[in-house]
Structure formats: C-alpha cells, structure tokens
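Presented as structure tokens, the chain that follows is alone, the form predicted on its own.
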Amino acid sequence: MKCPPHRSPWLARRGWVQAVSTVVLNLAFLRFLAPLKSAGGFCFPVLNCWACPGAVTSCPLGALQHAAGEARLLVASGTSWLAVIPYYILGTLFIFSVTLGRFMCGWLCPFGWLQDLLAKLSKYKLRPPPWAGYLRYAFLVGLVLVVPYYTSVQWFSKICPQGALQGGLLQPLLHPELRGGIGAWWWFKEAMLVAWLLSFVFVRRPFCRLMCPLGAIFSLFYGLSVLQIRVDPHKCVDCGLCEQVCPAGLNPREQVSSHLCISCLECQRCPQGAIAAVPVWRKDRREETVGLEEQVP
C-alpha cells in the first residue's frame, strides 16, 4: 500500500508565490514605481525582460551583455581591466546565489512559473539526454559574455523567448507606433517563442534545462548556497514519487545535488520524509547515521 504524498501548507502555495513574484516585478505602471523604472531598476536575478512595459527590475543577463560589450571599448581606450569588471551585477548574482541559490528559479522566476503552468497540460513528458544540461554554460559563455564582448551586441537577448514574450509582443501591442518597425527578425523570434511554449507542454522545464544562463550561474555556487537538499537513504523506499513530481525531470534519489535542480522543494512531498532542505553547515544525514552506528558496540 502506497503512502499518500506529504505536502506542507507552505509548499502547496508555491504557485501563488510564483504568481505574486511575477506581478510585483511588473508593476512599473504604478506611479510611485515609475521613477525606479526610469532609473534603471534593481538588478533582480530572475528571467523577467526589462523591455516589458511593466518591468520594474532590470534583467541581469541583459546587464551582463551590456557590460561585456562596453568592456572591450573601454579597455581599447586604455581603461584598466579592473575598472571594467561589472562588480554590481556580479556581486548581486553572487549574493543571491549564496543566500537563495536555485530557489530563485523554483519559486520567484516568472518564466519558470510559465513553464510549470504549461507543463500541467500534458502528462506525457520527453526526457532530454543528461549532457544537454551543459548547453546552458555554452549560452552563458558564448552569447552572454564572449560574443557581446567582440560585437557589442546583446545576442542572447535577441533570441531570448522571455524577451519575445514580454517585450516583443507587449511593446507593439501597447505602442502602435512601434508596429512599423516589425521585420523578419521579429517574426523569427516570435516563431522561436511558439516553439518553446509547445516544448513546455511536453518537456519539464526545457528552457531551464537547455538554455538559461542565469540558472547556470546559480548552479556554479550551489555548493555554497545556504539551503541544501539532502536525501536520507535509510528512509527512502524507492517509491519514485519524488521523481514523478520533480518539475525539472530529475531523480532526486540520485541527482539531489544536480546542477539542474531548481530548488522548488517539490521532492519534499516524500511520504517517508526521506528528503529535506537543511542548512549547508549541517552534516549530511548519511554521515550522522554512520557515526551513530560506529558508536554502537
């Protein structure tokens, strides 16, 4: 007889937290928040396009691309390398990575929420090969850092589906004078958006898994994150529930420290209580168990 899944009240509200985060990040139409929009906004590390008319915060990926493009020109003019490093952007990413880690992806990212919503439309899910998860690092190094450095063009933003959704669709919709500038690239970008939206139905979090450079940055600091997810093998009965509910399509029993984990904590629905989020300074449960067994005569 299978035990019913455990789901704490706060975990049951994850969707509401994602919804509230999406709304709060796009309230620039409110008069008292308008100055924040015009001043550039706070660099909040989730995927929420700055080109969206309602965006309050700036996109860290767009900011990194802009900084990379400026860096080459400044260095060529004699500026020191130390002076062109985007300390504010990198510092913000580091602080959020260490304190919250991939929690940003599983609980606060608007584009992550969209993927979770569309995933509910189909129970059939394709599983990309494990190596595909490393493509995110290629996008991070190539289209966010290297290519913008040499071309001064924000190439990742040109193909970002969140940009196509929030900026590409909403800007012409709300500002008719912009419609005359729509060209072939706009149609190409929107076609890519449609393809991504369809993939959200049949693949679990495909953008997070295959393309998102922001998630790649968070995963680099996962070992330093305050919150760690751990599995107690002595409680696990291999019921497979954690794998069924994981939005990232992982098997938490074997991939609890995977760089693809989004820290949504859905795996804590385990009816045996075998999976828990604990502070990084707490010893691994397996180590604690082994230590107790060694003390028994």
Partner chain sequence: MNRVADAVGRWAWIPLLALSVGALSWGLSTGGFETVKDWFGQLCTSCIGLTWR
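Numbering follows the first chain given and starts at 1. All values derive from a computational prediction rather than experimental measurement.
Below, we turn to the form predicted together with its partner chain, even though it does not appear here.
* Interface segment, criterion being heavy atoms within 4.5 Å of its partner chain in the predicted complex, picked from 202-210, 118-126, 220-228, 142-150 -> So the stretch in question is 220-228.
* Please check if A164 has a heavy atom lying within 4.5 Å of any heavy atom of its partner chain in the predicted complex. => Looking in the predicted complex, residue contacts with its partner chain include A164, since a heavy atom lies within 4.5 Å.
* To do: Spell out, yes or no, whether the shortest heavy atom distance between R13 and its partner chain in the predicted complex is within 4.5 Å.
  => Looking in the predicted complex, residue contacts with its partner chain do not include R13, since no heavy atom lies within 4.5 Å.
* Asked: Does P247 reach its partner chain in the predicted complex, with heavy atoms at most 4.5 Å apart?
  -> Close contact is absent here: in the predicted complex, P247 is far from its partner chain, nothing within 4.5 Å, heavy atoms only.
* To do: Examine L135 and determine whether its closest non-hydrogen atom to its partner chain in the predicted complex is within 4.5 angstroms.
  => Residue-level check for L135: no, no contact with its partner chain.
* **Sole residue of L174, M192, I182, L73 within 4.5 Å of its partner chain in the predicted complex, by heavy atom** => Selected option: I182.
* **Contact residue in the predicted complex, from S263, Q268, S58, S258 (heavy atom within 4.5 Å of its partner chain)** => When its partner chain is considered in the predicted complex, the option within 4.5 Å is S58.
* Give a yes or no on whether each residue among L30, P110 and L114 has a heavy atom within 4.5 Å of its partner chain in the predicted complex. => Verified in the predicted complex; spot residues all out of contact, no.
* To do: Check each residue of 98-131 against its partner chain in the predicted complex and list those with a heavy atom within 4.5 Å, in sequence order.
  => Going through 98-131 in order - heavy atoms within 4.5 Å of its partner chain in the predicted complex - the hits are V98, T99.
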